[in-house]
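Just the one chain here, the form predicted alone, laid out as structure tokens.
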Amino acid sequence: MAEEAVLGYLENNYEIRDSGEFAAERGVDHNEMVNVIKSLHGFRYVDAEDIKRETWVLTDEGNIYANVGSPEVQLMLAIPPEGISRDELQKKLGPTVFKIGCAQAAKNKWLEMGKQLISRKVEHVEDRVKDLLLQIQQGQGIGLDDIKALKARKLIVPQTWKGYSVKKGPSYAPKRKKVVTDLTRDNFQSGEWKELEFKEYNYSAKGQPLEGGHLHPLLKVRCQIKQIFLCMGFEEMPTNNYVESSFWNFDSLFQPQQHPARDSHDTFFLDAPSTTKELPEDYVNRVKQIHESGGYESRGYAYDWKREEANKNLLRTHTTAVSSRMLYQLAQKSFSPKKYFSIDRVFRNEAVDRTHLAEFHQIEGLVCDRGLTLCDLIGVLHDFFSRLGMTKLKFKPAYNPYTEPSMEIFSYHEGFKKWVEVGNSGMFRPEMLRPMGLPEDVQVIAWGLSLERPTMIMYGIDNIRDLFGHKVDLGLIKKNPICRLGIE
């Protein structure tokens, strides 16, 4: 109906000056008229130009007063001829209407505010505010001073009205031609194809967005770090076992059985299966000996080592448990130097906050060779972190049960303008390596860091729960930029 009205009117007239007035005269909704004009303009049946007008519309408060009257008139109607106390009047009207009504009625000099009673000064009042609001509601114009007064009381707000003026376009016709988009077999058989008019192709139009998969920021950074390790000649360790025995997770790393990390407050232990059934017995005995009595110039821990503690199954607390397995396997063969790395998930019984989760990812690298020193560790760390774009490094002495010496790694963050801890490192102790069977001149240097921390820094995320876990915003995953580290 709207399309026929527009094309029919322009057949005998030069212009539709105002689409709003045109729609109102023909009883058509203006939004429908706008949609039709846009469509006709797109196919060049008409040329349309924007029209904008500032109009005024009632606020929610204004709509209420247009229905029930202004607060000042409500207040006047609630005052009996003999007057009324302030408390009673407030109960009748409510606090808001009473407060506004008193202020406006006093301004209009309608009230006598006595110490005991509120009484009228005038008998009859005109609700000019309600009348003005009704005029605006009906689309009628009002004076500039009245608009200022209503606006000051926040009863009206401005609204931009948008419409069109319309003229004939270069492809104008009294009726829209039906164009086809597909050429069918029937068109050929009937010969209809000779008379058909086809819709033009828009080669610059964009297609529907593809709902493809999106890589998580953690996966992107993980891929980049994995590539760094491979470029440095490292082999990836198998990390597919989330469940480990306490022996591989703690005991083989020379971590005492009374260590706080082995408490249920820090570690997730399994109910079923609660214990492991297979451990290399000869190696277990050597580990027991080093814990109880020491060896290799170590005094050990001097306590009764318990096999039942070593058998307990748990969710691994670090991927160093995998490193201990790999080094033990390496010791069972004729020795050859190795460089290993792993990037996978670990679990700790932590209180969840903006910087901690109960599960996260650990990045670990180690080099096993003869004659390695602390200088080799520092050199490898500089090489590794420089490929991550972290060229300013500092090292601080630290303590780990299975490394000596141990160092915390700090990098200067240009964005934060301060030194940030980025990892931990050290040289595996002889108490860990010799029971495995590795030669006495073989040393292992190793380091580790979390995957989440560098990812948060690179993507400007300050809450780990926005990066990993069930509260992650999927919009972040779809819109995050590609992360490119400085791989060399």
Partner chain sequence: MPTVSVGRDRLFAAIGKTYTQEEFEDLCFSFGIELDDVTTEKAIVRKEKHLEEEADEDEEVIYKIEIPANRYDLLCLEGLAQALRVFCGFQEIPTYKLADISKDAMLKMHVKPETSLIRPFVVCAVLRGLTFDKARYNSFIDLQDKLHQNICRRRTLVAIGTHDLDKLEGPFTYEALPPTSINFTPLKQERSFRADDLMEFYKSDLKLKKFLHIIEDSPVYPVLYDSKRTVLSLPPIINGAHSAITLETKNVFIECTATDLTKAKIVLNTMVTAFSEYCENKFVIEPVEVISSDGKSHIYPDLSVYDMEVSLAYITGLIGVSLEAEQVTKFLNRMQLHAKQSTSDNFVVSVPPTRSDVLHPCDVMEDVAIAYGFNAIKDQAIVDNKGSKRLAASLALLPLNELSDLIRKEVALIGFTEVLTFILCSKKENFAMLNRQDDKSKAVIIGNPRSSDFEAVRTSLMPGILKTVAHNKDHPKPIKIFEVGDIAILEDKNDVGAKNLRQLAALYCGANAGFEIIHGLVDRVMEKNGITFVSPGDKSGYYIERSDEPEFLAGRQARIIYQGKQVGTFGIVHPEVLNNFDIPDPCSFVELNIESFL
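Residue numbers count along the first chain shown, from 1. Fair warning: this is a prediction, and the values are worked out from it, not measured in the lab.
If you look for the form predicted together with the partner chain, you will not find it shown, but the lines that follow are about it.
Remark: all three candidate residues (A351, M407 and F468) come within 4.5 Å of the partner chain in the predicted bound form, counting heavy atoms only.
Comment: the partner chain is not present in this chain, but in the predicted bound form one of Q258, N285, Q189, Q140 has a heavy atom within 4.5 Å of it, namely Q258. None of K154, R370, K417, K199 but one reaches within 4.5 angstroms of the partner chain in the predicted bound form through a heavy atom, and that residue is R370. Residues with any non-hydrogen atom within 4.5 angstroms of the partner chain in the predicted bound form fall in just one of 180-188, 110-118, 244-252, 200-208: 244-252.
The partner chain in the predicted bound form comes within 4.5 Å of no heavy atom belonging to L77.
Heavy atoms of Y301 reach within 4.5 Å of the partner chain in the predicted bound form, making it an interface residue. The partner chain in the predicted bound form is not approached by H318, whose heavy atoms all lie more than 4.5 angstroms from it. In the predicted bound form, at least one heavy atom of G233 sits within 4.5 Å of a heavy atom of the partner chain. Annotation for 407-435: interface residues with the partner chain in the predicted bound form are M407, E408, F410, M427, R429, P430, E431 [heavy atom within 4.5 Å].
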